[in-house]
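The form predicted on its own is given below as one chain in structure tokens.
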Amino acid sequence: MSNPPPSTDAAWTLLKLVRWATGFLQKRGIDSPRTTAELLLAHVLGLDRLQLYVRHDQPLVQAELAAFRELIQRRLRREPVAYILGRKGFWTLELQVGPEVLIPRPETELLVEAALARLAQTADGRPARVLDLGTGSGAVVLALACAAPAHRYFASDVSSDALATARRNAQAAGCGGRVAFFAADWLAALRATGAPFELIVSNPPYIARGALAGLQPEIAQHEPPLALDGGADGLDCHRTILRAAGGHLAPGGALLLEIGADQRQPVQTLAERAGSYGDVRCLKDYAGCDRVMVLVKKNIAAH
């Protein structure tokens, strides 16, 4: 069964089609072929994956086969499964995603964990002001707003399409009224005299420009370059944020930045040059890779 399933629906039950698609995708180098086959077929039929096996002997009609074949072809063109489905799970959320936003990664949940730990330390239980820079799909800020709803949340992105997606996700998550979204190129839109934030979080682009073409086709050909390209050394966005964030943090407030696995030392050097941060440390993800920089603003302004 090396060819796509024929248009006739006579012999194709759910289980047979999952088995065929698994082998078909595996031979063509598609990762997680069984999971991919299950997700795409369940999407076509409006079922969850478990129901594929509960109804394993259910035959498919021609229209269902045609729709499934089209999704398989899209995956063979290396379109990410999340974009094909139009959704991606992150934290406790099911987020709408499309080619206008980066697909949320599991390792970014460490950024959420670190932010929640900081919010739990908020003095006197007062609501903190929290800013998410480059929010994309809204994954980080919405995870925070759902898990710690007592605080005040703000989120920015330079892409109007990304902001539209984030707002839809906020409404779907039931916290549309708890997050103020605005268009901005990092912190450029904020007034120097504005109220400070107790917490600023960001997962900025951090791939070196010369490395973009060598990424997996799912990333290089489909995800938005604006959300990936960190400049010549991958640190352009970190430089901008580190220089400006100190002026918008309350004393003792924290900046949390996601970084690449090899960027701890250069980011620490940039933080030292910025002069705004006292305590600087790095958190490792569950794979043991450096992932989140935690930078606490000095209580006494640097001279």
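None of the values given here were measured: they were computed from a predicted structure. Sequential numbering from 1, following the sequence displayed.
Unshown form predicted together with ligand GLN; subsequent notes refer to it.
- Task: Quick one: from G98, P204, P196, G176, grab the residue that has a heavy atom within 4.5 Å of ligand GLN in the model of the complex.
- Result: Result of the distance check: P204.
Just to be sure I understand the contacts: of L190, A227, L119, I84, which is the one whose heavy atoms reach within 4.5 angstroms of ligand GLN in the model of the complex?
So the residue touching ligand GLN in the model of the complex, by this definition, is A227.
Interface membership of L110, ligand GLN in the model of the complex, 4.5 Å heavy atom rule:
No, no contact at 4.5 Å.
* To do: May I ask you to state whether R126 is within 4.5 Å of ligand GLN in the model of the complex, using heavy atom distances?
  => It does not: once ligand GLN is placed as it appears in the model of the complex, R126 has no heavy atom within 4.5 Å of it.
- Item | 4.5 angstroms heavy atom contact with ligand GLN in the model of the complex for L163 | L163 lies outside the contact set for ligand GLN.
Closest heavy atom of I219 to ligand GLN in the model of the complex, within 4.5 Å or not? Yes.
Identify whether ligand GLN in the model of the complex is within 4.5 Å of every residue in the set L102, R105 and E258, based on non-hydrogen atoms. Looking in the model of the complex, the three residues L102, R105 and E258 all sit within 4.5 Å of ligand GLN (heavy atoms).
- Among 70-78, 138-146, 87-95, 205-213, which stretch has residues whose heavy atoms lie within 4.5 Å of ligand GLN in the model of the complex? Flagged stretch: 205-213.
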